[in-house]
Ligand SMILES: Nc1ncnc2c1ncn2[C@@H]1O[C@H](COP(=O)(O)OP(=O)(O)OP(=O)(O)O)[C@@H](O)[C@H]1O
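Here you get one chain, nothing else, as C-alpha cells; it is the form predicted alone.
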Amino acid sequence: MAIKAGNMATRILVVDDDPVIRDIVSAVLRRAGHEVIALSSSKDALDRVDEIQPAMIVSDVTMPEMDGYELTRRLRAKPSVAQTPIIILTSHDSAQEKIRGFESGADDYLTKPFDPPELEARVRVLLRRTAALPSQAPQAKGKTIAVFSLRGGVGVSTIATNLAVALAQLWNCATGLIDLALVGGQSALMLNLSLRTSWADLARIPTESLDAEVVRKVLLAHPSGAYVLAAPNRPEQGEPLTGSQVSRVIAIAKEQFPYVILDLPHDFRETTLAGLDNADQIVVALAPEMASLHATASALDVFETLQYPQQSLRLALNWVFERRGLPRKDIEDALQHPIDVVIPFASEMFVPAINRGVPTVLEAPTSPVGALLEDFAYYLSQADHQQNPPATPSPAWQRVAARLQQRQQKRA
C-alpha cells in the first residue's frame, strides 16, 4: 500500500543497514520536526523511493548488496528523484571519499561520528536550497557575460565563478553560471556542489523540447544565489551537445536570471561559439607571458572576423605567477586594446578557495583581491542597476559604493 503524502516538504528517507546509526539519525531528524522513513537496505530504498517520495535522502556508504555511492548514482538516474538532495554518511574522512561522493551525485558528505546539530543544519540548508530554485516566471532579458581564453591556466573558471557569486551578492538576485568547458569543467566543484545533474541531462534532448522547466531541473543551487549548469562528469556525456542546444539554453537562462555567466573552454568548437555569439560582453582572461599574449591576439583576431563589437570586449590580466611578467603597457600596445582589470598574484587566496569550494568574494570579500573582484562585477553590471541603487542595499553593494566614493574623493 502506498504511503500517504503527509508533510511532503519534510519527509526524509534514511538508509542504513546499522540499526543503531539508523535509529540515531532518525531520532535527530524527527526531533528537528521532519517525517522520517527508515530503511535498512539500499535495494529497498531504490525500489520504494517513488512510493515514498522523500524531500531528502540520507544514506550510509557501507551497505551489503549496493553501497551508498552506487545507490546515489542509481537514484540520480530516476527522474522522480533527480533533484532530491542526498547526504552521504561515512566513517571515511578523506578527500578521495568526498570526491567519490560528489561524483556519484551526492549533495553533501558527513563523517561519522557526527554532532546532531551539524546534521540538522546541513539538512536545513539543503532543503532551503532546493526550495529556492528560481521560478519559471520570465523576466526582462538578462545580461550574458562570457569568460574566455584560448590558453588554459589563466583563471577562466575562477573569474567566472567569482563574477557569478559577486553579482548575486551585489544585487540580491539569482544568477546563472553555465559551464561550457564540457571536458573537465570546474564551476560546480569551485562552489562545492556535487555533479548530480549537468549538461549530460540536456545533451540528448532535442532543441525544440528544451524549455524553462527542463533547464530548471538540472540547475545546482548555491546559497550565494548562483545557480550552476554544470559540465558533465565524463567527457563523452557532453559529446552529443550541439550549438543550437547551447543557444536555446542560454536564451532560456536570460529570461530567468538578470545575469548569466558563461565559463568557456579554450577552443572555438561549435558549443563555445554558441556561447560567444550569445554573449553581451566577453571577458578575455590572460596572463602576463608570451604564450598567453599570443593566444589572446589570436582570439581577438577571430573576434574581429566574427564581427563582435569592440565595446563588448573586456581584458582581465591575471598575474598567475609572482614576478617577471610582461608589463601591462607592453601588453596593451601589442594587443591594441586596453586592459580593464589587473588581478594581482594571490595564490594564498585562490588556491585554498578552489580546494574548499569557497570563492574569494565569499571567503574574503574585504581583502584586496575580493574587493577588486566585487568592483569588477559592479563594472560589468547592467546600466540600469548601476544607475538605480537598490532599495535595500546588500553588504556587497555597500562595500562597492564606499570604495567608489573613496576614489571619487581622491580625484576631487
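Remember, it's a predicted structure, so these values are computed and weren't measured experimentally. Numbers follow the displayed sequence, beginning with 1.
The following text describes the form predicted in complex with this ligand, which does not appear among the structures shown.
This chain is displayed alone, yet in the predicted bound form one of Ser194, Thr158, Thr90, Gln169 has a heavy atom within 4.5 Å of this ligand; that residue is Thr158. Of the listed positions (His266, Arg74, His337, Arg122), a single one reaches within 4.5 angstroms of this ligand by any non-hydrogen atom in the predicted bound form, namely His266. Stretch-level contact analysis of 108-116, 196-204, 146-154, 251-259 against this ligand in the predicted bound form, using heavy atoms and a 4.5 Å limit, identifies 146-154. At a distance threshold of 4.5 angstroms between non-hydrogen atoms, Ile354 is in contact with this ligand in the predicted bound form. In the predicted bound form, Asn318 approaches this ligand with a heavy atom inside 4.5 Å.
Under a 4.5 angstroms non-hydrogen atom cutoff, this ligand in the predicted bound form has Ile343 among its neighbouring residues.
When this ligand is considered in the predicted bound form, Phe350 lines it closely, a heavy atom lying within 4.5 Å.
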